[in-house]
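Taking the form predicted on its own, here's one chain by itself in structure tokens.
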């Protein structure tokens, strides 16, 4: 029998307790990887560890904004599971408001998780992967990083920064054979997405478009499921994508018209 394509590989997924992060954990497990599930809250990652067993998933409670905590998790993963092969950055937060109403706290918190958190995990992983000259990184960004969105300036800017950071890291690590890519979702059925809906018609406005907020809608006519994003991540961390690096893969049903 042919082994699963990620058999024997060790992966760390941040923001693993729900939504896209949870879906990524499941996709990597299905393909044979051992997954370290990291989140700032325990319930979701503990549930994954219970469901699949600690031989396949281990829960790690940590805040990606804390670089020392990230280093401790990396050490623990490599000590107990083996050398880290795959890093997937999913942890993210969203604070919506017009720029004039954004608080210092909202701006700083957004960048702390969405940008500095990616820096912390990538730096820790790159130091380890670089010594072995092997590994891959995927950062889950957003199509908002490439197309302006009203009331999402902090989120969009933080994701744009994380996207460019990941590409620069990919350039620095390319000669070591380490690939770094970005997956940029559009509207996806997660708690974060639902938190922006104010009435029962909100999903239709997302799909059909909303001239009042300069959104063109989703040409494929559906909101993504977390598994749609996870499938793109699973491809990019596999050997099928061995010649792809510094790429930004939009998974948004055509919502940005790839502007």
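Numbering follows the first chain given and starts at 1. Being a predicted model, the structure only gives us computed values, none of them experimental.
What comes next is about the form predicted together with a small molecule, which is not displayed.
- Contact with the small molecule in the predicted bound form, defined as a heavy atom within 4.5 Å, holds for exactly one of 87, 162, 91, 182, namely 91.
- Residues with any non-hydrogen atom within 4.5 angstroms of the small molecule in the predicted bound form fall in just one of 170-178, 98-106, 133-141, 75-83: 133-141.
- Although the partner is absent here, residue 64 sits close enough that one of its heavy atoms falls within 4.5 Å of the small molecule in the predicted bound form.
- Within 4.5 Å of any heavy atom of the small molecule in the predicted bound form lies no heavy atom of residue 115.
- By the criterion of a heavy atom within 4.5 Å, residue 245 is excluded from the residues contacting the small molecule in the predicted bound form.
- Although the partner is absent here, residue 25 sits far enough away that none of its heavy atoms falls within 4.5 Å of the small molecule in the predicted bound form.
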